[in-house]
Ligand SMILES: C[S@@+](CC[C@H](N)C(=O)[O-])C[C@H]1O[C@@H](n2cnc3c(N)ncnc32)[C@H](O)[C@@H]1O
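The chain that follows stands alone, in the form predicted alone, written as structure tokens.
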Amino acid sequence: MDSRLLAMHQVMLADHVRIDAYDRALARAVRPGDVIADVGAGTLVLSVLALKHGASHVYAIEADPAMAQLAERIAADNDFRDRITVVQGDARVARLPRAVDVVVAELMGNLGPEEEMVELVAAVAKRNLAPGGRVVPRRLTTHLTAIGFDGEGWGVWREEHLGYRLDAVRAAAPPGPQLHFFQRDPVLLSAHVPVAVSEIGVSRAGRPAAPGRLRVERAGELHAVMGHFSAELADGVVLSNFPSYPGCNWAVWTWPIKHTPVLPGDEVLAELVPPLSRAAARDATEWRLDCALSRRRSA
């Protein structure tokens, strides 16, 4: 078993905000006796939550053969084999023995769409979801925001931070995305602008991100454009990787920008560009941002 894969699941299982959000969402979505499809089932945490809320059976779909084998052992060790069936294979072509009432998945990347949750859930729902069935999450949104760092990350290269000029460091750093876990709240220079919104279980493919116009709302120093996701799991249940919280297993995507003073009314024109390769698109650090600053016109 790949130790890196186990470490990833270890971090996800330690994210109590994530698990609590799905627990509350499944409490709303699952009805007694429902049959569930858990897409990307991993260590079966969502499958077990579905059983907790009254599901009669869960089909746990897992593409990775080693992880599927481990899921089988977890089900056996916990006497779930009569209620959880592990289905090893590609969710895009999975045909289950019977229709399901709920499809659940947690396949959000740092930006949201990298793990192809929209496409995978749509494929499973088309083949297996009963009429009137429910999907968790039901909406996935990617947001872009103009920010200034507070003495961490890319913001540490400010001259006043250490008392001497660091222009050379900023000039030497190659342009490209960074994944960041905020220890201090950044300065939000603009509102969160949604650039990609997908209805889960409805869309056959995630929509390409649209250009965003990030209107500066407060004077400050622009350090980066931040990308994060929000997933609407159920009524009143939203899971997001920003604001950062202790134990969050998702980093926040940032695209560093030359430190630039901005004023209210300025706009950052920003467009997320995914890599052409499907394999590369699963890595948030392969995504890039085309951006430009539009200054407010003088009166």
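Counting begins at 1, following the sequence as shown. Everything numeric in this text was worked out from a predicted model, so none of it was measured.
One more form of this protein, predicted together with this ligand, exists but is not displayed; see below.
* Work out which of 111, 102, 107, 200 lies within 4.5 Å of this ligand in the predicted complex, going by heavy atoms. => In short, 107.
* Among the candidates 211, 89, 176, 194, the residue which, in the predicted complex, approaches this ligand to within 4.5 Å (heavy atoms) -> That would be 89.
* With a 4.5 Å heavy atom cut-off, would you call residue 120 a contact of this ligand in the predicted complex? -> The answer is yes: residue 120 has a heavy atom within 4.5 Å of this ligand.
* Does any heavy atom of residue 64 come within 4.5 Å of a heavy atom of this ligand in the predicted complex? -> Flag for residue 64 set to yes.
* residue 288, heavy atom within 4.5 angstroms of this ligand in the predicted complex -> Looking in the predicted complex, residue contacts with this ligand do not include residue 288, since no heavy atom lies within 4.5 Å.
* Might residue 256 be said to contact this ligand in the predicted complex, defining contact as any heavy atom within 4.5 Å? -> Residue-level check for residue 256: no, no contact with this ligand.
* Asked: this ligand isn't shown here, but in the predicted complex, which of 230-238, 266-274, 45-53, 29-37 has heavy atoms within 4.5 Å of it?
  -> Among the candidates, contact is made by 45-53.
* Sequence-ordered residues of 274-291 touching this ligand in the predicted complex, heavy atom within 4.5 Å -> Stretch hits: a single one, 282.
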